[in-house]
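Take a look at this one chain, the form predicted alone, written out in structure tokens.
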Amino acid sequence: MTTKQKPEILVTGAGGELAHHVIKKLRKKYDLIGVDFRKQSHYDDSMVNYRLDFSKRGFEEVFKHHQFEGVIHLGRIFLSHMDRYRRYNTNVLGTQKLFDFSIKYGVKKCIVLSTYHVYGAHPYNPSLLDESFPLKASNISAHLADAVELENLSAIYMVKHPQMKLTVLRPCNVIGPGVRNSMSQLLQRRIAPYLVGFSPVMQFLHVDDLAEAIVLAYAKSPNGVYNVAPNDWIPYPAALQQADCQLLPIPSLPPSLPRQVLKTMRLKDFPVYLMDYFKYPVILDGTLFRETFGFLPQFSLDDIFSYYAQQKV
């Protein structure tokens, strides 16, 4: 008697830490196929992995060789990686190819990882941002245009191709062991910068909790957009202190001065195009995701920051 074949899922960005957590949670039930252009992920010989750029030729061959039930698209290039033109090609044009191949080859559902940055940081933002709030990030910086365009593209495909369920997730700051985004690298520093006169509250989500959120979303796969965030927050300087960072004050006035100081100090993990996010709070209302999927983060703020504090001992 032949063993029943497990459904196949394509995971983009498979070499990243988040994908590692997602794959661990899904491997018993699904066959996971990994794709990453930066490095080839490797778990064991039972998992197929491809090292290629899904924005270029050759990506369609992956769809030809597999019968994907779904796609978990974690391959969005972060703001700290590449210049904005290459990010746009990968994040927007590459995702368009991914969607087109998914439609062509009968993929039933797709999870797309976005970011809370799409809302934009502004002094007049409401205290809680729900999913209906306008996406203003591209008004702040051209570096954020690809993140907004990725969401606009997703919205178009939701309407034009309802046969494929498409779920967009907007998480808050994602940190934890192995995560290499800007916020995680700031918390790893012994001396970390903050802007004098500003203390924005922020939300933080452990990488394993986000992986669990992705698994829950894939199981139901409704069309829609969801914030993913805990129901607590903390001022940014207090977060640095809990992570045992020594605070480095950066003058905030005149407005051009902090940009000049950061460029002079070459603080790449405190990018100038994200400056407003270190001035003004962007707090997500995660009620819709929490109630729809029964999501409850397992890692507290103490759990999250104690990891970074222990790295400095």
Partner chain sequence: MKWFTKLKDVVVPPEIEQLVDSMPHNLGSMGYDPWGYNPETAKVGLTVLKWMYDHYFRVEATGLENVPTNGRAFVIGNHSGQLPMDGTLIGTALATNPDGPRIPRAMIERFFPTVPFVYTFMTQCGATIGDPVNCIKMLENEEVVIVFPEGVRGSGKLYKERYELKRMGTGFVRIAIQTNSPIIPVGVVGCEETMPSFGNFKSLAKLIGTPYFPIAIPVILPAKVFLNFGEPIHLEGDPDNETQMMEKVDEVKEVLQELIDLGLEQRGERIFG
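Computed from a predicted structure; not experimentally measured. Numbering follows the first chain given and starts at 1.
Just so it is clear, the following notes concern the form predicted together with the partner chain, a form of the same protein that is not shown.
Residues G178, S184 and P249 are none of them found to lie within 4.5 Å of the partner chain in the predicted complex, as judged by heavy atom distances. Heavy atoms of Y273 never reach within 4.5 Å of the partner chain in the predicted complex, leaving it off the interface.
Looking at I156, you'd find every heavy atom of it more than 4.5 angstroms from the partner chain in the predicted complex.
The partner chain in the predicted complex is not approached by D36, whose heavy atoms all lie more than 4.5 angstroms from it. Using a 4.5 angstroms threshold between heavy atoms, S114 stays clear of the partner chain in the predicted complex. From the list 229 to 237, 88 to 96, 185 to 193, 215 to 223, the contact stretch for the partner chain in the predicted complex under a 4.5 Å heavy atom rule is 229 to 237. Applying a 4.5 Å heavy atom cutoff to the partner chain in the predicted complex picks out no residue from 146 to 165.
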